[in-house]
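Below sits a lone chain in structure tokens, taken as the form predicted alone.
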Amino acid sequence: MLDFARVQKELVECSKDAEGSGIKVSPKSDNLVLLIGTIPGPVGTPYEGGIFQIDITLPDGYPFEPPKMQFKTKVCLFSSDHCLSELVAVMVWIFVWHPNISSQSGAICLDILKDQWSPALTLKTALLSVQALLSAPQPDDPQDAVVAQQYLKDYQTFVNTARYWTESFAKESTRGIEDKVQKLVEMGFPEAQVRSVLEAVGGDENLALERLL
């Protein structure tokens, strides 16, 4: 049976240091089974400046069983005539581009969330481990093979893509990227091409302009 007293204690302890660490955990429901974790992108990585949200589900056996964690997704609906009553496509965005995180589902490949979990660990230490994973990808044991291959074979493109995703999806305000898109579109460049080039150069407006000219 889920140890609710333990979970409540962890939430209190985590909140005490939230200002300094940036690591936060809050309940999504009254029964404390569904939680949302927040971690800041590590300094000196393509994820710097991003605020990443992680869905947490606690199993009945917690803390003797590991929590289930995955990066939060953003679902966007599209229609041919901009009418939500006639939806024709759904796009799921993950907030992070990383070899050990699925770009499709947000699933995380991390040993302490599997067989290396211990009851001595906490939600906060698990989130700190996820944050550390952002700093030190393990492409030889990937969750996302496509991202891992890019990391190994074309590292600079990986960095640019990861930085662009952070700028676009993981910052509290995405106006920076949208302003750049709008400015370049107003110069006469097609929006799809602008977004593609901005992604390729990691959001650098000057480099994007050079490539578009």
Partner chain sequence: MEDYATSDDDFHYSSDQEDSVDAYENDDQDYALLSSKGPTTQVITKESLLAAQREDLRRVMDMLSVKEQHARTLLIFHRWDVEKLFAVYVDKGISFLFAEAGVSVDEHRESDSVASAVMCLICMEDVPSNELTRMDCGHGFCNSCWIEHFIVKINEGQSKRIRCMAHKCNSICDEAVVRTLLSRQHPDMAEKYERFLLESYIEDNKRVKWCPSTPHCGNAIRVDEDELCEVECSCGVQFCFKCLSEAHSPCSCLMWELWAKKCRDESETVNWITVHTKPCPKCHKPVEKNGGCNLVSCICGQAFCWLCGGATGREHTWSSIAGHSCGRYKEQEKTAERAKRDLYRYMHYHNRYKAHTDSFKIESKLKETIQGKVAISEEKDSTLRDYSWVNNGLSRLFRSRRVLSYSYAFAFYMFGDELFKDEMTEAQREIKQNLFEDQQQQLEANVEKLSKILEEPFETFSDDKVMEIRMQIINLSTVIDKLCQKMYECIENDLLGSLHHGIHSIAPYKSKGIERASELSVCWGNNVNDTEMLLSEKDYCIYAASVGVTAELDRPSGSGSSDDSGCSSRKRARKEGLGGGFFDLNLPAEFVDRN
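Predicted model only: the values in this text are computed from it and were never measured. Positions refer to the first chain, counted from 1.
Only in words, not in the display: the form predicted together with the partner chain, which the text now covers.
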Quick check: do D3, R6 and T122 each get a heavy atom within 4.5 Å of the partner chain in the model of the complex? yes
With heavy atoms only and a cut-off of 4.5 Å, decide whether P63 touches the partner chain in the model of the complex. yes
Tell me, yes or no, whether I112 is in contact with the partner chain in the model of the complex, where a contact means a heavy atom of each within 4.5 Å. yes
Is Q116 close enough to the partner chain in the model of the complex to count, meaning some heavy atom within 4.5 Å? yes
Touches the partner chain in the model of the complex: E10 (any heavy atom, 4.5 Å): yes
Okay, which stretch from 64-72, 41-49, 142-150, 184-192 lines the partner chain in the model of the complex, with non-hydrogen atoms inside 4.5 Å? 64-72
